[in-house]
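Next up: a single chain in C-alpha cells, the form predicted on its own.
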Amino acid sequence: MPRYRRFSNTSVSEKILDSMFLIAMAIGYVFAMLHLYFTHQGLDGKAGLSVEDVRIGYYGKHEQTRLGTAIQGPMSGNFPSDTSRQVVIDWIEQGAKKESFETDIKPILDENCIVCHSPASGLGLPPLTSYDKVKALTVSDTGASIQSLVRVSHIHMFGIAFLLFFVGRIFILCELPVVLKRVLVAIPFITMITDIFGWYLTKVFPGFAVIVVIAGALMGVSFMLQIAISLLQMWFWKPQQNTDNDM
C-alpha cells in the first residue's frame, strides 16, 4: 500500500508555517462570528442572536419596514437616546413624509448613521444620504434582497471554499481512522453549501432559518475541530506503528 505523508514526516519549519496559518484562521473565524452576531442580533427586538433574528434577516419582518426593523434592532445602539430613535420611528409610521425629513430626520441620521451608511464608507450598507434613498427603506421589510444574497453567496463560495481547502490539506496529515477523517474533511463543505442555499429557502419559507443555524454551527464546529486536532497532532502526537496509510 502507498504510504502518505503525516505530521511525523514534516519539518519543524513546515509545522511552524502550518501552525501560524491555522491559528490565524481560528482567530479570523472568531471575528467572523462576532461580525455575524453584531449584524443579525436584536432584529427581533431582544438582546442576543436567535433563530428568529436569522429568520427576519432573510425572510424579513413583513409587518415592519426595513428601516424600522434596523432602528429597533442592530442599529438601536447608534442613537444617543430613545427619544431621537423614536422620532425616526414615528416619522416612518406617519408615512415618511418629505416635508419633515430635512428638518427632523436628516440631522439625526447625519449625526448617528451617515458615517457608515454612505457610499464613501465603502461598507456596502444601504445609503441614508437623501430622502429618496431613506424613503426606499420605509417599505415593507422583505429581508435580504436576491441581489444581495447572490453577491454574498459568490463571495462565500469562493472565499470560504479556499480556506476550507487549505485547512483540510493540513488536516489530512493527521493520523486518524480513515472514515472519521473523510467525514471531517467533507462536513465543512457540505454544511457551507447547505447554509448558503438555506438563505434562499428562508427568504421564501421562513422555517428554514433553523437549517441555516444548524448548518452554520456544524460548519464552525468541524472547521475548528480540524484546526484543533491538526495543532495537537502536529506538536504533541507520538506517531504509532501500523497506522492506516490511506488518506
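We number the residues from 1 along the sequence you see. If you're wondering where the values come from, they're calculated on a predicted model, not measured in any experiment.
The following text describes the form predicted in complex with a small molecule, which does not appear among the structures shown.
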Segment assignment from 50-58, 180-188, 204-212, 64-72: heavy atom within 4.5 Å of the small molecule in the predicted bound form: 64-72
Option touching the small molecule, based on a heavy atom within 4.5 Å in the predicted bound form, out of L164, L173, L128, A96: L128
Contact assignment for the small molecule in the predicted bound form, among I89, A144, C116, A136, heavy atom within 4.5 Å: C116
N78, heavy atom within 4.5 angstroms of the small molecule in the predicted bound form: yes
L109: touches the small molecule in the predicted bound form, heavy atom cutoff 4.5 angstroms: yes
